[in-house]
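Only one chain is given next, in structure tokens, and it is the form predicted on its own.
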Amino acid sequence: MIIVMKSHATAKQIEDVVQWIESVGYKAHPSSGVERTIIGAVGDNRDKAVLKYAESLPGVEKTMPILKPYKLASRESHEGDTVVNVGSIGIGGPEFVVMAGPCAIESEEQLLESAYVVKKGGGQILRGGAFKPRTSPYSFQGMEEEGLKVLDAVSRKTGLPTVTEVVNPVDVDLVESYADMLQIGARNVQNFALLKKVGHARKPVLLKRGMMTTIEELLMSAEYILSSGNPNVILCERGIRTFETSTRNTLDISAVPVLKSLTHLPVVIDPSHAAGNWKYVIPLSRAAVAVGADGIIVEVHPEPEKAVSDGAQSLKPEKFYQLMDDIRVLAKAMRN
């Protein structure tokens, strides 16, 4: 249920409504817009009729049911678009944000070189995996905490905020102590214990769509994080599994406008994992700008041929610079 406050409602009236919602067994999630505040009341739907009584409280204009199963992620529950801050970088605002770096952290030298490439090209956030969930148990699994230490050291040297994946609920606090944003990968999109755990984290969460996940299922996964108390969620389309074998996955570019119509959360694209081939990363990134995505996350490596993970889809420095030049031109054209 949504409680819509009157445009002139006072801070005291809003706080009284929040306390009343919680007194009847619901969680209150206020959202302040330019003209008014709306308060989402989330809990057991079996007793939702009691929330209609909120209309008698001072400052309340009306109550409205949230029709979507994802209550907090829906546009009904939030006025305007959400901007998620990763360090000093806002995702979901007017700027198209580029997150870039190697798939896996291999050494401080490798990550530092990658970070300088990212920064020189104009990328705003450094990516790098310390924990790597792999299809084969014999593949490189990441440097784990040593990798996180490298990520932190490189971030301090370059000033770039960071994003890295967490795969186990017991590691959330550890990863959060080093990274500026936590990534939930495609294979963990419905790991509900992990979603709840990052929902209690103080850092933003980049939530990737699963290979076989519908848009509604992705939004329900985001709901786990939001309902656990973390409002800073960014959705990522990274390709879905279809019958096509020419690419690693099939980028569902239509997911961007569909998600934009359904949710207030920022939406970004991962063209690297969608394509699985560096040749297609730049064209798909252009499509992300054109379709209205809030940013991209791409893989960049100084020597992709020597990469321990996903070298085939990683951009060399000169290709990354080309990508950034293309993005600047397209982003300017879109603004005009």
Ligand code: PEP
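The model shown is predicted, which means the values in this text are computed figures rather than measured ones. Position 1 is the first residue in the sequence shown; the rest follow in order.
The same protein also exists as the form predicted together with the ligand; that form is not shown, yet it is the one meant from here on.
Can you work out whether residue 71 and the ligand are in contact in the predicted bound form, taking contact to mean some heavy atom pair no more than 4.5 Å apart? Contact check for residue 71: no, nothing within 4.5 Å of the ligand in the predicted bound form.
Applying a 4.5 Å heavy atom distance criterion, does residue 208 contact the ligand in the predicted bound form? Yes, residue 208 lies within 4.5 Å of the ligand in the predicted bound form.
With a 4.5 Å heavy atom cut-off, would you call residue 133 a contact of the ligand in the predicted bound form? Yes, residue 133 is a contact residue.
Is there a non-hydrogen atom of residue 260 within 4.5 angstroms of a non-hydrogen atom of the ligand in the predicted bound form? Outside the cut-off, so no.
Which pick from 203, 119, 75, 187 sits with a heavy atom within 4.5 Å of the ligand in the predicted bound form? Among 203, 119, 75, 187, a heavy atom within 4.5 Å of the ligand in the predicted bound form occurs only for 187.
Please tell me which of 223, 180, 106, 165 lies within 4.5 Å of the ligand in the predicted bound form, judged by heavy atoms. Looking at the other structure, the residue within range turns out to be 165.
Please identify, from 144-152, 124-132, 194-202, 83-91, the stretch that has a heavy atom within 4.5 Å of the ligand in the predicted bound form. Heavy atoms within 4.5 Å of the ligand in the predicted bound form occur in 124-132.
Since the partner is left out here, which residues of 239-266 would have a heavy atom within 4.5 Å of the ligand in the predicted bound form? Going through 239-266 in order - heavy atoms within 4.5 Å of the ligand in the predicted bound form - there are no hits.
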